[in-house]
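Just the one chain here, the form predicted on its own, laid out as structure tokens.
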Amino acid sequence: MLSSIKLLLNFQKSPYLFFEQVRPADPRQVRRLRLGVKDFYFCYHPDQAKHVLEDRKENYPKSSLVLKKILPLSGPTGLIQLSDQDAKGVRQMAGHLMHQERALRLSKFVEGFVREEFDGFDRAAQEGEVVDLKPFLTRLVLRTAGIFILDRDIQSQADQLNEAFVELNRMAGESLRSLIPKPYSFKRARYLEVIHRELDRIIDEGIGEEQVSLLRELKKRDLPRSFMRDQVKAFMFAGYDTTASSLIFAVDSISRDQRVQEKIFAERHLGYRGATYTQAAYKESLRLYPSAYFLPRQAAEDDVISGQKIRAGGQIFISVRHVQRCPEAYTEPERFLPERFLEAPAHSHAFIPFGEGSRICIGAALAMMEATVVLQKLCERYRLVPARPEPPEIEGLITAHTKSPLFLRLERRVAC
């Protein structure tokens, strides 16, 4: 009993570190724990991820436990909450929005958002000042999500919406740590009201016919307003939160490796589609620091994974961070080495930062485009130097975030 209580307290203290604390000595084993009245199964190996996400995916739907925790962020009818069949239409609707012409248009917006900051960055570089890039990156991703989802730059609302999404994510993470339902929160209601008010205002406004956006596609189908708002909210949360977090990790990672920065600089004229090394650098950061650091599922029927019997109703947590550091799939798995992604991973499920299969994140291409453009533009103009030698402390909410600011020194490249 004391052991179970201690485990539960450790989980409540830090879900991110908890995965490391309960990791079995042999990663091919599945760790079974009973927390409260529920069975939890923790998976750490690519073979286990393949079993759950591909081989027996019909037996492992989304975790109802986690879905309840993120309900305020996703809405009751948002894509994240829908069954696979109900989600199919929304996924198809959104998937075609990232066709080549649309992606190129979006990349120009991202380039523009980066250039807007150059005057301030140049002054900081000239004065030798330290810059916190975290607010800039989060705003940029939120504004890009606004273009993709709403076909408008939401710069004037960016800070307000960012605060609301970040705080709701924090509350959802705190709720995840507790197996006891949280009481009604006036603070959560206030942040939801901010998001709903702004989204309702945008939904009610007219939409031009000349551009494509998720909201326009939803409105063309004459769907209920509450359904449209939930889709917009779910896409804003999923597409913004994880991308912003992953981009912060990526910028921090390359700032600590001048060799990698020079290789990205060498691709400055190739455009984001041709920048294979820059894309590899982003993937390598995603491998080491996945924003979605665990994938939650639940067993519909009894099963066996790696010799461990799985009971129906059991909660399956795939530790993405550990799966992606599997020494059987990667040499020197703890090292930041983008070159490894110039080739395909040795295991089909050793790289799953966006999930896998029919439930893979449909925003993966958008995130890759944003990150590639941002890394290219920053390294084209500056050398990035971390102001602090220690790596950032990571906090596990529903997604993984850095606790500290992203303090960097920017050294202006002479030829730019």
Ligand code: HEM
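What you see is a predicted model, and the numbers here were worked out from it, not measured in a lab. A residue's number is simply how far along the shown sequence it sits, counting from 1.
The same protein also exists as the form predicted in complex with the ligand; that form is not shown, yet it is the one meant from here on.
Contact annotation for Ala292: at least one heavy atom lies within 4.5 Å of the ligand in the predicted complex. Shown alone here, Phe354 lies within 4.5 Å of the ligand in the predicted complex, counting heavy atoms only. Remark: Cys361 counts among the residues lining the ligand in the predicted complex, judged by a heavy atom distance of 4.5 Å or less. Contact check for Pro338: every heavy atom lies farther than 4.5 Å from the ligand in the predicted complex.
Not one of Phe165, Met369 and Val373 comes within 4.5 Å of the ligand in the predicted complex, counting any heavy atom.
Between the options Phe113, Tyr191, Tyr277, Phe235, the residue in contact with the ligand in the predicted complex by a heavy atom within 4.5 angstroms is Phe235. Interface residue among Ala250, Leu79, Ile310, Ala172 relative to the ligand in the predicted complex, by the heavy atom within 4.5 Å criterion: Leu79. Residues within 4.5 angstroms of the ligand in the predicted complex, judged by any non-hydrogen atom, belong to 280 to 288 and to none of the other stretches in 123 to 131, 194 to 202, 298 to 306, 280 to 288. Taking a 4.5 Å heavy atom cutoff to the ligand in the predicted complex, the contacting residues in 234 to 267 are Phe235, Ala238, Gly239, Thr242, Thr243, Ser246.
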